[in-house]
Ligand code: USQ
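Before any questions on how it binds or moves, here is one chain, the form predicted on its own, in structure tokens.
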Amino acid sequence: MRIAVLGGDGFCGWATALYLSRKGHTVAIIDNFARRLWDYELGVQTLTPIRPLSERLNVWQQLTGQTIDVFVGDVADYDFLSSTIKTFQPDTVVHFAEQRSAPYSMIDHKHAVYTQVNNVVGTLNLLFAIRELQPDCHIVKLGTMGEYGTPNIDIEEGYITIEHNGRKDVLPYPKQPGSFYHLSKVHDSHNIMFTCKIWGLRATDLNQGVVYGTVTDEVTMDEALINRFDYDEVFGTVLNRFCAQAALGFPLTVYGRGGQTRGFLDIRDTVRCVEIACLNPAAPGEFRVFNQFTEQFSVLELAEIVKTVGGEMGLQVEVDHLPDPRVEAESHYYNAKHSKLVDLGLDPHMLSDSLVDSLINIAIRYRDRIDPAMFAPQVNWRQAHNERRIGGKAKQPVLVKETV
């Protein structure tokens, strides 16, 4: 297949592009390197040293003989995106090219607006380009489990059967997003569903949980191919932060009571889920939703797991509780269905199989790059404006223009 990976220089996109290339597909990466610019803006760096994309791809070609095409530009620029779709003519587009951090979207007005415009307009551009230039192309869109929020009922996969006043219908599952980022994802889902209905496009929405791990078979082939490990409080994940803190002997910082529960999956399962969606495309006019995660954990459960495993490895690990800077329920019901991808062949990896080699050992290996100042929460979701602190000094957030 000819598969275009939008955002292929980022965490999920990079692993996916290499995986699909190694499987024999013709792959193109479309990216404007905005993810690298956001690190510069915030004064942070990924724990693992990431090489320039051109160097990464040169090493990949030397190791495998596989060439991955690169188109540098912004999906929010319709002329660029439509020209790229026309040139590459993909059978499938895997869409990762969005600002994906909830805390980033909550810094202030500019970051909220940027997130919504970048994400929603970029997806609209893709929908129009596919309709006009490649109408049979299958869109595989990265959604998020955060669209659902934390309802007090079971979370279904995209749709729910409702009986009301003696009548029955199957309707989109109610959305209760908790940030401007998650709201942008809801808007995406509505726009994609609408265009599938009126234009006959085909799309799969992968409502993904929190992804952990740096290791896939492809990125372990050479140091130059290593993937991101974000542990800062804006783009990092809670599990990455715990592992970085454990590597330095810092207390694991749990927000509030730690009852916040989410779905999690290994990066190896992310790439496999994308492949499954590509090989089993939606029908014309179909907008389907897969909940993409393998296990559920609360924040406190993750902290206790890292504490136990870290202790067995000889690390000094304690747990500390901080006031929660987010507006969220710190204890809630959470039971989300996630059977469709398993039915199509997903054989999940478990956190217990990945925590040491793909997380803690990576944190230990690169712990000289860890900046403890990045552990503390600096974005308060109750405020309309936040200051970023770098090197102990307050710094006003500066929105980096998304150009190369």
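Residues carry their position along the shown sequence, with the first being 1. In this text the structure is predicted, and so the values were computed from the model without any measurement.
Just so it is clear, the following notes concern the form predicted in complex with the named molecule, a form of the same protein that is not shown.
One stretch from 129-137, 272-280, 157-165, 176-184 that, in the predicted bound form, holds residues within 4.5 Å of the named molecule by heavy atom | That would be stretch 176-184.
What is the one choice in 260, 84, 294, 92 with a heavy atom within 4.5 Å of the named molecule in the predicted bound form?
-> Looking at 260, 84, 294, 92 one by one, just 260 meets the 4.5 Å heavy-atom criterion.
Residue (of 324, 286, 108, 318) lying close to the named molecule in the predicted bound form, criterion heavy atoms within 4.5 Å = It is 324.
Look at the candidate spot formed by 313, 363 and 369 and say whether the named molecule comes within 4.5 Å of a heavy atom in all three of them in the predicted bound form.
-> Answer is no for this spot.
Going by a heavy atom distance of 4.5 Å, is residue 220 a contact of the named molecule in the predicted bound form?
-> Because no heavy atom of residue 220 falls inside 4.5 Å of the named molecule in the predicted bound form, the answer is no.
Would you check, heavy atoms only and a 4.5 Å threshold, whether residue 328 touches the named molecule in the predicted bound form?
-> Output for residue 328 is yes: heavy atoms within 4.5 Å of the named molecule.
Close approach of residue 229 to the named molecule in the predicted bound form, 4.5 Å, heavy atom = No.
With the partner left out of view, is residue 255 within 4.5 angstroms of the named molecule in the predicted bound form by any non-hydrogen atom?
-> Judged by the heavy-atom cut-off of 4.5 Å, residue 255 is in contact with the named molecule in the predicted bound form.
Output the sequence-ordered list of residues from 144-180 with at least one heavy atom within 4.5 Å of the named molecule in the predicted bound form.
-> 144, 145, 146, in sequence order.
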